[in-house]
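This document starts with one chain, in the form predicted on its own, laid out as structure tokens.
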Amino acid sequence: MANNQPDSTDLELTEEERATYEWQIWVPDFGEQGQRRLKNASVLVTRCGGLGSVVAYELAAAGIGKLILAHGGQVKHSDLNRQLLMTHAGLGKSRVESARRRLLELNPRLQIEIVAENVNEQNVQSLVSQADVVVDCAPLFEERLLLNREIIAQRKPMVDCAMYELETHLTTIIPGQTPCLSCLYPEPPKMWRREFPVFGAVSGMVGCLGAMEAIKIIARFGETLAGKLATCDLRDMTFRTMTIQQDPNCPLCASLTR
């Protein structure tokens, strides 16, 4: 791994995989090498709800080798407007079990490890250690900041996805190269809470963008949002990308970039 980005191409593509991913292999600067990098990579997706279910689905569709899914609880009616890996038949059943079943229907070659827990102090180190890239889709800032601390400790890149109502936020953190989540949010926003207004189309949009960020990090092509924050307000289709400034006194990341 170089520059904190996965670069393994040990496992070759099968003929079935070449046929499945043919159209994306045609993408300039990606090619078969990029596809092999995806096959050899693992991604941790924290929460497979409105955001994470779309991230996981798009990564599975793209040919990622392994997904680690961490999400506690059972499927509820209120999940079904946006959590695309959940179904009416799965009501009352484990979210991660439902996610695994749906993902394997799409990509039976995919390795999936499920953890029926949300990220916490006891499991965060183990979860992050298994992944090349983390995609943070947690709705609670306690989880997001916990992941931020751990990816810096382990020098793992993280894509941070967020949404509220019709707004989306997306950034990529690469320890040693970019500011961290604590630089962007020194204090958790007061309006942030576990349940909030949102459309499934909004979570689906930012989930697709988050998956593409992870793909670019792993396959090492294109330009990521490292050190930048991309926002969108779908109420009036306003898109903005801004540079994030590092807090020179950040106790987590400032010493890594000096």
Partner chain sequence: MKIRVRYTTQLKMALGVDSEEIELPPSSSLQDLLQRLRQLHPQEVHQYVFTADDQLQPGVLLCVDNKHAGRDLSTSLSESEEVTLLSVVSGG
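Numbering follows the first chain given and starts at 1. Because the structure is a prediction, the values reported are computed rather than measured.
Below, we turn to the form predicted in complex with its partner chain, even though it does not appear here.
Chemist: Within 4.5 angstroms, counting heavy atoms, which one of the listed stretches 85 to 93, 117 to 125, 101 to 109, 162 to 170 is next to its partner chain in the predicted bound form?
Modeler: Result of the contact check: 162 to 170.
Chemist: Give a yes/no on whether P28 approaches its partner chain to within 4.5 Å in the predicted bound form, heavy atoms considered.
Modeler: Judged by the heavy-atom cut-off of 4.5 Å, P28 is well away from its partner chain in the predicted bound form.
Chemist: Should P139 be counted as a contact of its partner chain in the predicted bound form, where contact means heavy atoms within 4.5 Å?
Modeler: Heavy-atom contact with its partner chain at 4.5 Å: present for P139.
Chemist: Closest heavy atom of D10 to its partner chain in the predicted bound form, within 4.5 Å or not?
Modeler: So D10 does not count as contacting its partner chain.
Chemist: Report yes if any heavy atom of E32 sits within 4.5 Å of a heavy atom of its partner chain in the predicted bound form; otherwise report no.
Modeler: Output for E32 is no: heavy atoms all beyond 4.5 Å of its partner chain.
Chemist: Sequence order please: the residues of 48 to 77 with a heavy atom within 4.5 Å of its partner chain in the predicted bound form.
Modeler: Stretch hits, in order: G49, G50, L51.
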